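Encoded as C-alpha cells, the following chain is the form predicted alone, with no partner shown.
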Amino acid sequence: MILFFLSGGLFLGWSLGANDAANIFGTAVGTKMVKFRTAAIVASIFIVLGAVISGAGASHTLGKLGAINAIGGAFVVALSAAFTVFWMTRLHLPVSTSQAVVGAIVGWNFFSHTKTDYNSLLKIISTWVFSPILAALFAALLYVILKKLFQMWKLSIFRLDVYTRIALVLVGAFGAYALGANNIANVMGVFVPVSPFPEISIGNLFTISSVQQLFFLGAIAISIGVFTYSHKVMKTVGSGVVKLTPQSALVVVLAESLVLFLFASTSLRDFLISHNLPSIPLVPVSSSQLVIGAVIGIGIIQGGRNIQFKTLGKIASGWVTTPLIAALITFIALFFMKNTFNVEVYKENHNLARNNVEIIQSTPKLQEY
C-alpha cells in the first residue's frame, strides 16, 4: 500500500525527467554536440547524487506552503502535478514542474481548509519571475566573456569543437547535480511529513535518513524519465526559441546550472547569513524557465533577430496555466479519493490543533498565563 501511494511521486519524478531534467542537456543535444545517450547517462548519475546529498534545502519552503499530513493526500498532490506535467509534455511544452507542484499543494490547502502560507507562496512566485531574468543576465554576461576568450585564444576549429564538447558534458554534470538538489523537493517534498521509511544505520559508518531514501527513489524515477521520454522536449528547448551555436549552448547550460545551484545551496545561504548579507531563498525553481531565460539572454545580445516569439509565447502560456490546472485537478481528485474510495487525504484533528495553536499564539494574555 505504501508503494502504491508513493507511485504518485515516482510518476511525478518520471514526468520531471521527461520535461525539466531534459533542459540541462537540451541545448547540447539540440546542437548535436552531445549524443542523447551520453547526456542521459551523465544526467542520471549526477541527478541522483545531487538529490541524495543536497536535496533537503528546497523542500523546506514547500513544507511551509502546505504541510500535507496524510499519505493519501500526498499521493493525490504528486499524481495531479505529474499528470499536469505529462499532459504538457505531450504537447511538447517545457513547462515547470515546480509550478505544477505548487498549484497542486494550494489545491490541497483549499480542499482541506488549511491556511496557505502566503509569504512562502509569494516567495516562490517571485522566483518564477526573478530566476529566468537572472539566468538571462548570467547568460548574456557569460556569452560576452566567452566570446572575448575565444578571440584571445584563437583556437582552431577542431580544438574549439573538442573543448566545447568536453565543456558541455562537464557543465551538464554540474547542472544535473544542481537540478537533483533543487528539484527533488518537487518530486518527494510532499511525502516528507508522512515518510513511511525508517532510518537505516550501517554500523558506525553512516546513516541513511528517511528523507534521503525518499529522495533516492525520486531521483531514480527522474533518471528513468530522462532516458525514456525527454528527447522531444530537448529538441524544442535546444532549437525552438533561438538558433544556437555550440558555444552558445555551453553558455545556456552554465547559466542555468549556476542559478539552480544558487537556489539549492544551504552552504551558500549560511555563508551569506553569517556575514550579514541578504540570503537567497532555498526554493525549487524551474529548469525550463531558466533555460528559456538563458536562451533569450543570448538572443538579446545577438540583437534579438533570431528569437522565435511565437514559440516563446506558446511556452509562456504553459507557465501561466500550469499551476491553475494542477490546482483544479488536485481539488477534483481529492474529492473522488475521499468520497468514492474512502481514502484519508487530510487529518482534520491536525488542522484543528494547528488553528488552536495559532489562536493561542495570537493572544498575549494566554501566552503570559
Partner chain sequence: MIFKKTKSLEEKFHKFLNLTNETALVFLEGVKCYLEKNQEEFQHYLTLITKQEKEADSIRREIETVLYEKTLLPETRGDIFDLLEDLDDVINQTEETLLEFSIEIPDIPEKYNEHFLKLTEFAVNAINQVVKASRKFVQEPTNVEHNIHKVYFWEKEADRQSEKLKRAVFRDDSIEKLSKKFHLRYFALHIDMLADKSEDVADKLSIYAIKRSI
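Bear in mind that the values here come from a model prediction, so they are computed numbers and not experimental data. Numbering follows the first chain given and starts at 1.
If you look for the form predicted together with its partner chain, you will not find it shown, but the lines that follow are about it.
- This chain appears without its partner; in the predicted bound form, the one residue of Arg269, Lys123, Arg165, His231 with a heavy atom within 4.5 Å of its partner chain is Arg165.
- The partner is absent here; in the predicted bound form, the one residue of Met33, Ala327, Ala39, Ala58 having a heavy atom within 4.5 Å of its partner chain is Met33.
- Heavy atoms of Asn204 never reach within 4.5 Å of its partner chain in the predicted bound form, leaving it off the interface.
- By the criterion of a heavy atom within 4.5 Å, His275 is excluded from the residues contacting its partner chain in the predicted bound form.
- Its partner chain in the predicted bound form is approached by Pro246, whose closest heavy atom lies within 4.5 angstroms of it.
- In the predicted bound form, its partner chain lies farther than 4.5 Å from every heavy atom of Glu199.
- Heavy atoms within 4.5 Å of its partner chain in the predicted bound form are found in exactly one of 68-76, 108-116, 150-158, 190-198, that being 150-158.
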